[in-house]
Structure formats: structure tokens, C-alpha cells
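Take a look at this single chain, the form predicted alone, given in C-alpha cells.
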Amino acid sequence: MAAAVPIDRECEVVVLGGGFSGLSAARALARRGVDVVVLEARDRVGGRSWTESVGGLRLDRGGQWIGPTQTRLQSLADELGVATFPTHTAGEAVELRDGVRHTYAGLIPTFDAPAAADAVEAILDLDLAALEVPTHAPWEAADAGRLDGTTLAGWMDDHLGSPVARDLLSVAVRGVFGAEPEELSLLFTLFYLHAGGGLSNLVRTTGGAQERRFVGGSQQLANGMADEIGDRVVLGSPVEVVRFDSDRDCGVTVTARRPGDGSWSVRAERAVLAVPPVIASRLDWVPHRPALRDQLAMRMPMGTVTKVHALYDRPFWRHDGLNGQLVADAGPLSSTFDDSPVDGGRGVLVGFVAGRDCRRFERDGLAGVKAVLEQLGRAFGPRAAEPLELGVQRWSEEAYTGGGPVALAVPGALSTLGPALREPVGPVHWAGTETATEWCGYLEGALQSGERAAAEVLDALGARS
């Protein structure tokens, strides 16, 4: 049994993490009369959703979009009175290929028509294969071991003969996962696509995952959930130690730091860990770490992504017949979108530096920033290379996230250790968007995971009573 420690607060359930998943779990529990405390390491709630003022505009440095079938997220927005508006899509998009600029209309660039057709066919093949992988237990899929022993890059080798088609698919993969195709298990990829309605859905604006944005930013939704929970949300309290005994259902004690106050401990009957797997594995577990969950966490690194906002006095690209979307075969930016405010009074382009381009960008420092501006200029004209302000959010430098947009299962992880992803360990339950079976990796998935963890806890507390 874990050694006794001084207890500063007792409750029924302690939630580690004040992102969408942790707040979703805590709110569901509090509404059922459960005494719950939320410990959040940062001085804000929201996790990978963070809305900040940049150049006088409220911009989302993290997750920002909502699309069809994201019903929990929409219901939360409706409840809190947060409106949405469509992503700007009128006009043509830009492709930069081999340094040459082309414009196109539709889902993917069509300058090389045969390659575009091959890429579309590959996307459809992936989406069909994804339907065969159960989202609740991808390790139970037919031939799961073989799928998990194959990378997405290996699948592309077998299905794509055109280098241009391969580049197009790789750009989509970087945007969705923050990783390269060779880094992803095929089984994990198919599970993820099934959970989000298919790759064609995940890369689409109108009718897809990037369809709409929140007026005022997505973090409002986290703030609204936290306001309902009230002073039971404790900010600036990074948890360091988790004490429990998996062989005896005797509760859990967590010890956290508090600025200026040293450390304090919370004793609870149950705990919900609503943080990325790699962050959970960094905690000090007493008397031991959950072995299988720890092994899985080591095989689920975070993706690599940096989000860039370029601010202008107006969205001039619209007047040039462009919609602000870019697809590029060479970095640093692999994709951009029009991120201007709802009234269009100011212009904002948001871009993503992901995968190997992001790792190069981080090494290059100021040279990487200069390359971003040069690329914007090539895509949208000289004015794009001279923004009024440039906001750069390096998610890999976020201590309590470690990357983004989601944790990735490397080959061999899900088929051998997958059940540990959501299976409780003694009094410890797991949440976080990585544990979702719907919209894994997205805000919707975070909400779903929190509701599922809360239901598990309520069952356990009911069985106790």
C-alpha cells in the first residue's frame, strides 16, 4: 500500500487536467452530485484549445474548428451561447509544387490530373478500409497484427505509383496527424480515419472537419465548463505524484505543486487522468506505474506541429479571387486557411508546419520564420510576405502537451497494448481525446472521452455504495 501522506483536500473524484476532456468529465460528475476537484497545471483551462489576443484579434492557437456530426461540441456551444460561422472558401486555392504556383478549385490540386485522380482513389480506398476497423477496439480488427505491423508509408508504396499523388496524400497526412506517413501504424491510421468520418472528411472545409469556427474562439467553451464547476477547478497545480494500489480499491492520492505554496495533496476515491499518454507517463507513480499503460504511452508520442498566424489590415487575397487555402509539397508550411474574423475587417492566414518540416523549422530559428514569410509571398503575393504581425505557436514546447495535434500510435502499439488505452487501473480512469472512439484527436473526441470516463466513475461509485 502507498505510504501515508498529509492530506490537504478530500473529495470523491480528482480530475487531472483542465482541458476539454477533464472539464467534460468533471462537469458530468458534478451534475450528478459528486464532489469533484480538477487540477490543471497551467494558469488557464482549455488544454490544446487556447484563444489569445494577437494584434487585437482573438485567435485560436490550438483547436478551432467544428464540423458536421460533432454533436457534443455543437450542443456545448449552443448551451453557452457561442455562435459559429463558416470558414471562408469562396475563390480558388493555391498549390506550390516544385516552386511553381498553380491555382485550383475543389478538394485537392488538379494541375496534374492523373496524379489527382490517383490521390482521390487512394483516399477513398483508405476510407473504405477504415470502416472495417472497429473504433471501440481496433486491435480486434481482422488481420490487426498485419495492419499494425505496416506503416501508412508502406501502404502508399503499394497503392500509389505517382510521386505527385504520394506528395498530395502526404500533405494531407501531415495536416491531420502532425506526422509523416512512415511514422504511423496503418491500423492506427484506419482507426483514426473511421473515428473522424474518413480522410476525405478530415481534410475538407465545407461539409468537413474545418467547416466552421467559433465567434470569439474555442476556449470560451472550456471557460464556460470551468465556470459551471467553479472553485473546484484549481489552476497552477501541476501534479507530480500519483499514489494508489491497483490490487486494492482503496482510493488515490495525488500531490501537486502550487505556485508559492510548495506542494499539496488531494485524496479521492477515484481519479480521472485527462492528459496525453506521454504526459501521464511522466508522473511519479507510487508504488509503481501502470505497466501496460506505461508501455503503451512510450509507443504513443505526440505529433509535431507549429501553428502560424499572419495578420494583415484586410483579407486582400479574397479580392484576388483566392480563398486563402494553400497546399505545398515542400515546407515549411504544408497548408493554410483563411482565418479572418467573422466580419472580414482584418485579414488573417493560419498555416501549419508539421512533421519533418516542423522539426526543421524548430532547428532553423529565425531562418525558419523567414522561410514561412517567403512561402506566403510566393503563394499569395508580395503583400503576404509582410504581415502586420506574425504569431507562432510551437506546441512541441508546451510542457503539459508535448506536441500536437494528437498522440500517435507507432507500428505494433495498438495490436499488443491497445486495451490499456481506456482500461481503468484500480481507482484510476483514463480520459483525453486520444481515448475517444468518436472524433479521436478533436475537441469533440475530448468531450466524448470525458463523458465516458465520468460514466465509468459513476458506475464504480454506485457499486461502492
Partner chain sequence: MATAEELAEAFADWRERSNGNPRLKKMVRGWDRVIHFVLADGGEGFTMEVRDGQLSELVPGQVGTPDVVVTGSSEDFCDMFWGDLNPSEKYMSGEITLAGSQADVMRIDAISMVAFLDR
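Positions refer to the first chain, counted from 1. From a predicted model like this one, the values you see are computed outputs, not experimental measurements.
Separately, the form predicted in complex with the partner chain exists; it is not shown, and the next lines address it.
Only one of D227, D78, E362, E121 gets a heavy atom within 4.5 Å of the partner chain in the predicted complex. Which one?
Spelling it out, the residue with a heavy atom inside the cut-off is E121.
So the partner chain isn't shown here. In the predicted complex, which residue out of A83, A117, A153, V369 has a non-hydrogen atom within 4.5 Å of it?
After the contact test, the surviving option is A117.
Find out whether any non-hydrogen atom of G99 is located within 4.5 angstroms of the partner chain in the predicted complex, and reply yes or no.
No, G99 stays farther than 4.5 Å from the partner chain in the predicted complex.
Answer with yes or no whether I108 is in contact with the partner chain in the predicted complex, where contact means some heavy atom within 4.5 Å.
Within the cut-off, so yes.
Any of the heavy atoms of T206 lying within 4.5 Å of the partner chain in the predicted complex?
So T206 counts as contacting the partner chain.
With heavy atoms only and a cut-off of 4.5 Å, decide whether M298 touches the partner chain in the predicted complex.
M298: no contact with the partner chain in the predicted complex.
Based on heavy atom distances of at most 4.5 Å to the partner chain in the predicted complex, which listed stretch, 281-289, 230-238, 191-199, 330-338, is the contact stretch?
Single hit among the candidates: 191-199.
Check for me whether the partner chain, as it appears in the predicted complex, comes within 4.5 angstroms of all of L388, L390 and A399 - heavy atoms only.
Not one of the three qualifies.
Looking at the partner chain in the predicted complex, which residues in 58-83 have at least one heavy atom within 4.5 Å of it?
Going through 58-83 in order - heavy atoms within 4.5 Å of the partner chain in the predicted complex - there are no hits.
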